[in-house]
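Next up: the same protein chain in two forms, each one alone, written as structure tokens (structure 1, then structure 2).
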Structure 1
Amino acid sequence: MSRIVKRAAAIAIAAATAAQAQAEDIKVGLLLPFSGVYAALGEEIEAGFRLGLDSFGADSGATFEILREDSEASPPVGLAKTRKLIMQDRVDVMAGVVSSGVLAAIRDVVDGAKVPLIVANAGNDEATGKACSPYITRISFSNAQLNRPMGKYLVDHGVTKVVTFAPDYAAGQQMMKAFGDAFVAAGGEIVAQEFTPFQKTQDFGPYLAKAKTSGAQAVYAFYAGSEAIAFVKQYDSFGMKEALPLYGPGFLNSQLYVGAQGAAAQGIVTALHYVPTIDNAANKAFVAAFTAQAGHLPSEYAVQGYDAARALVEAVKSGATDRESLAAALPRTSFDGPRGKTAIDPATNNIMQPIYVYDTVAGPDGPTQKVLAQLPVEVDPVNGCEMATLN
């Protein structure tokens, strides 16, 4: 080797070593339910998150270390695990959170400790409303965002008298309020409302019997996870679907559990920010990559994990390295992904995105989603959010 070549090689090695020393190790605290009624949602969000890091993180110059904790979808457990991740594990950023109740419980801790949180599910309206924080960026949806448009949609489609059903906790209450306000404003009437004990109701029979004789034209319901599987199956086996068509946010018949619901899921018209049948190139690539990795089609929960990882990687690529710089960069992420064009609203740090209304129909491999309408991008009102500036 000539002296010049040797010297060039030495410089190259020194540069590579310096780059390695600069490479960031980002510690991510992933807080999700891995047990209880929302366990499947936690697994699905994690699978999407890991795929997102693999897909977008390779050329970021950073390594991502994931520390996962089971929130059990319980506010006190979620709070204890958050404290552990922040104080003991010293994570740089947190991601996840499925339950609106857990998000409410951990809000003050992440805000006070100045740890950025990427919400990958929990729709709690207050977290991007009057309890908003510059440390909280929501990449999933808000409870009102998905339910408000359905109020008008139902009235426009001739449905004016409904009974509502939801689990009795923050998400159920907020979703039914947003739907109900829009439905009544459009001329609809809420005949009755059922709030069933969260994580405790297995038999919906007594509630369904009441709805049948209520004089309503339809039922509007939110359930998710194993509660959605039980509700949709019992609704069908009670012979309710013919008399009272079923509507709701699409967690009710998510791709994640239409397989378990089978034919009982057919004919339910719902709304979501993502279904695997959305026809765009980014979604086709995502569906192929996720299916190859997970062995099943992705649901909205998968895309929320995937986009949460993408937002994190974008923030790192823009130069963010620690809690404070990540918190500043995360709300600035925007991209054209599997659900279409999305961006974060700087007034609230909630995502702005199109909403898809769809019917669940029989497909060659089981129930599938037929998109009936793409509604315009939904932007939440600020709902009392006064966004603090980062210092």
Structure 2
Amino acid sequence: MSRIVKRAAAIAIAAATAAQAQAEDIKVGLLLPFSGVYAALGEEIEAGFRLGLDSFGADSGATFEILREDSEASPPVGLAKTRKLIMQDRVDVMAGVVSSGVLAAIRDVVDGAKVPLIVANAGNDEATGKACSPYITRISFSNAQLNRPMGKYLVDHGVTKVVTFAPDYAAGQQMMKAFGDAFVAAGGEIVAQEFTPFQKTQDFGPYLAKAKTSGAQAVYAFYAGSEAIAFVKQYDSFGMKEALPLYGPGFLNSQLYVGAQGAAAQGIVTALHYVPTIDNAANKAFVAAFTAQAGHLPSEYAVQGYDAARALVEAVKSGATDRESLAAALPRTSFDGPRGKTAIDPATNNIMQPIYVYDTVAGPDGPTQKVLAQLPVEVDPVNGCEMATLN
């Protein structure tokens, strides 16, 4: 046999071996809340994740088996389910996690077991800061990342005195600190801060009454879920939007529940990494596919699941097939998706992405989003992260 023929045979064998390796089944542990107050978020992320695998998975040559576990948004439950997925089910990779508390609870187990985790929601800053891990890649956002740009944006648009509102727990505190630091650095003044009891505040009236007489030009607020619906409706019923315009991160009027807020949401200017009205080809295709599958427009939670699946597929396409190789490949993924150009910062394993400022306006089928500005790609500071290098 000639050297040329031998070499061709060797190449063919190597290609066949690579194809066989890629054809192996990838076991995915999907850890999300499917019951309790965050069940809707979990369902939305799962719908996006499955659509992402359907849309991109065939190109990888691999098959994906999903093992679905309910974290109940409870740190002890999430920890127990993580141990099951890792030790009993022997998953190759995990994805999901809505609650920052759950993420904090499972961090050491994931890191110690060397199982890659794709975070599809939880935004606590420490996860890609001082508690970072080479086995954790966040494809969603950080709390600071979404709020920091709005500090300068408001000052640039003539708003220099604000009152801030947020629920009194880690995410609310982190978001208001990031916004406040940037706002003050740009020349703004925080007139007052209101931290309301988390999941216990039903009447925002006393807090709103104080804001009315504070001398502020605007209110900057973070709430999510049922609290966001209540806050926005009560803000509107107090007739405050004319005298004190309302700003905040886009969870305040998420696509997932802006319909429940109705006309009360109109005129609120917020910032987020995704809205369904972003004008690019990838987003138009995603919105059409998701709407056809789910029967409603996608929210930021849906796109986080969708992009988490795509990041996994891209890692597999690069040749990763096991825990260690997947963990090494995931932070190297980048693509143009519904949000625009996204990539992972190798210093922190946190996503780098543009932030969109938008006004909520009336649409033919209810409130919709009018994008006012696409801000530059946001990269978080290292924030204490000392990222270990994988071989």
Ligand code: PHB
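These numbers come from a predicted model, not from an experiment. When a residue number appears, read it as a position in the sequence of structure 1, where counting begins at 1. Only the largest set of C-alpha atoms that superpose within 1.5 Å between the two forms is called the rigid core.
Between the two copies of this chain, it is structure 2 that is the form predicted on its own. A movement of the C-alpha atom of K130 falling short of 2 angstroms is seen between structures 1 and 2 when the two forms are aligned on their rigid core. F141 is not among the residues whose C-alpha shifts by 2 Å or more between structures 1 and 2 once the rigid core is aligned; its shift stays under 2 Å. Remark: with the core as the superposition reference, the CA shift of T160 between structures 1 and 2 reaches 2 Å or more. Core superposition places the Cα of E194 2.8 Å apart between structures 1 and 2.
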